[in-house]
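One chain follows as structure tokens, the form predicted alone.
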Amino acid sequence: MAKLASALVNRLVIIVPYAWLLFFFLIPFFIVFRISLSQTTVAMPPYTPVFDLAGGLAGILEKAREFSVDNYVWLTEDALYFNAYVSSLIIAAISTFLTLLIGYPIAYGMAKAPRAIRPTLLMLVILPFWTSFLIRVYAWIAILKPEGLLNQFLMTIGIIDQPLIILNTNSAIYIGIVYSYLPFMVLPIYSALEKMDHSLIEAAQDLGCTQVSAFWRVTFPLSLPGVVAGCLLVFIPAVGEFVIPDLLGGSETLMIGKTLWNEFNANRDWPVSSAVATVLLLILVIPIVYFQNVQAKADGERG
């Protein structure tokens, strides 16, 4: 009886995450993909239904004749979407790099701090999540605008004579993304550094390494899993970011999140917006699959 109960618990543990993926990822993705294969119509909803499940298998086969990849072809013909994808990838990559430059020293300092104060430092990193994401982004508008706190401070101490134009530029987007996603970079790197065996550093120094060379030869390679995880946690949501570019970016800012929103709400073109979302998801899945394969190979070599 105890073995049966244990087996049921083990299966339940496995079933829960798969059920979560089914209901909150696979089913929504199937719905979006289905809409991307339809045609736009002046109706509610504004597309021709495909995959008519109500009609059973016969209904599905009948509707299969109406499948269309015209929306995906349209994405290749209109330069707007290609430029939006490229711009989003570039902005996300630069933001991820800046977040890594700032987040790694923070995580390293937390890992080197006395154990007694590490929980406090960890809480300070997580503290911004206690405030609404939207409110935090709006706060940067008050800070970065020409008459905002930053320009007033710089002019008061005499560094600048006239306000800097930061708001409604890509610089403001970088600031917003780095600030908003910094904890996602710090936490996995801190986790990797905290678990590291510090006796390896002492051994490297005994063998003649300086502190700098010991860091690059021992500490940084051992923290790479945390670095890669942090980069993915920042890069993936940054590519599809909408709120930060919309509030802090200018009219010339081109990101796929804003393009997707315009297609879905302003143009009411649900099939094209669904095709944009499907392609975006496929682009983001590639680094995740690659990282998983690399991790699997590394675990196999260690095993």
Partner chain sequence: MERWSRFNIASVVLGFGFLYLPIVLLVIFSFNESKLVTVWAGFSTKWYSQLWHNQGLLDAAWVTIRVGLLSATCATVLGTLAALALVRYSRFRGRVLFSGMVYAPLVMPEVITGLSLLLLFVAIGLDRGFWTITLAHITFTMCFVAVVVQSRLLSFDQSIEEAALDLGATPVRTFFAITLPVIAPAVFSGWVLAFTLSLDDLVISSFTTGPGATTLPMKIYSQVRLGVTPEINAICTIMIGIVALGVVVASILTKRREARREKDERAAFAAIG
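Keep in mind the model is a prediction, meaning the values are calculated, not measured. Positions refer to the first chain, counted from 1.
Omitted from view is the form predicted in complex with its partner chain, to which the following refers.
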Testing 131-139, 88-96, 154-162, 75-83 against its partner chain in the predicted bound form with a 4.5 Å heavy atom criterion leaves exactly one stretch, namely 131-139
Partner contact for Glu202 in the predicted bound form: its partner chain, 4.5 angstroms, heavy atom = yes
So in the predicted bound form, does Asp70 come within 4.5 Å of its partner chain, heavy atom to heavy atom?
-> no
With the cut-off set at 4.5 Å between non-hydrogen atoms, does Pro225 touch its partner chain in the predicted bound form?
-> no
Is there any non-hydrogen atom of Phe220 lying within 4.5 Å of its partner chain in the predicted bound form?
-> no
Mind listing which residues of 255-280 have a heavy atom within 4.5 Å of its partner chain in the predicted bound form?
-> Gly257, Leu260, Trp261, Phe264, Trp270, Ser273, Ser274, Ala277, Leu280
Looking in the predicted bound form, decide if the C-alpha atoms of Phe291 and Glu241 are closer or farther than in the form shown; they differ by 3 Å or more.
-> closer
Given that the distance between the C-alpha atoms of Leu26 and Gln292 changes by 3 Å or more in the predicted bound form, do they end up closer or farther than here?
-> closer
